[in-house]
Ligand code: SIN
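Below sits a lone chain in structure tokens, taken as the form predicted on its own.
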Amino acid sequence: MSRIVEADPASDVQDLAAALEDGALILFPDTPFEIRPEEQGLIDPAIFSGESKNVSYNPDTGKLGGVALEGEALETCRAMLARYADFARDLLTRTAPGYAPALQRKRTSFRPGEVAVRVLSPRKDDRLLHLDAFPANPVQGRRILRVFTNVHPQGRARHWRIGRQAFGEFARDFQPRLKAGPAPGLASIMSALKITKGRRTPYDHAMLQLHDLGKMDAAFQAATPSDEIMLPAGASWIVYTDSVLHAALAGQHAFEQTFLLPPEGMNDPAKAPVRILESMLNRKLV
């Protein structure tokens, strides 16, 4: 059974952080994000601009993307995502306070669309088991730690699939198919041309391959041990999506906040994927 740890006010924060680093999904079954009366009309896929599958918000700049809104509605949406960014940060820092000094808050998203009906290429289809890796935003060895909240107004659960394989086992299975890279100088060129926001390291290159190899391997998708879980409306959850195999099978109306954490900010840096891959491949990746 995939490890799901239900947290409550009495949970020990050291135990929760250790569980996260061991590959658990930390579930807060009754930790809702409040949707204010003036925001109710925004809980609708009609707010999409059609340019992306999610509404995105940059907490550093206040920039909002992916919406077809103007005037007061646009500002209400911006304020809603800004509140969620703070909600997610507060939940994570209460759960793993030791992370706070090194934690880097990145993009916030709102996902009002129905997952089950998306028509996407396999590489972009998050209904397939995968580990997160960002083609345009290299993490350069940092962890990808995400907070999610289901805000479905009619109380519908979000349906996920969680793989049972630990990161090291998954990576070892695909190691023979990993190619070295990127080519010398290519990472700098891609960054200079703004194809990537920052230099793509050999670690990013390896993780992008693992993301694609897992998604494109039909036998792996069909046979790898996994569990299906229902994440209720009003619940929030935290998971390292760069090491926990996961897939969103169905659901609508969820918020998500991405954080990056350098391995040195973890309780046990040896559990970071970059350290596991470096040991496995016997070379430095960042």
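For every residue, the number given is its place in the sequence shown, counted from 1. This is a predicted model, so every value here is computed, not measured.
Absent from the display: the form predicted together with the ligand. The rest refers to it.
Checking H130, H152, R142, H205 for any heavy atom within 4.5 Å of the ligand in the predicted bound form turns up a single hit: H130. Proximity to the ligand in the predicted bound form, defined as a heavy atom within 4.5 Å, singles out one entry of K106, R89, R78, R111, which is R111.
Contact annotation: the ligand lies within 4.5 Å of heavy atoms from the stretch 130-138 in the predicted bound form, the single such stretch among 165-173, 193-201, 130-138, 80-88.
Remark: V67 does not count among the residues lining the ligand in the predicted bound form, judged by a heavy atom distance of 4.5 Å or less. The ligand in the predicted bound form is approached by A248, whose closest heavy atom lies within 4.5 angstroms of it. Heavy atoms closer than or equal to 4.5 Å to the ligand in the predicted bound form belong, across 64-103, to no residue whatsoever.
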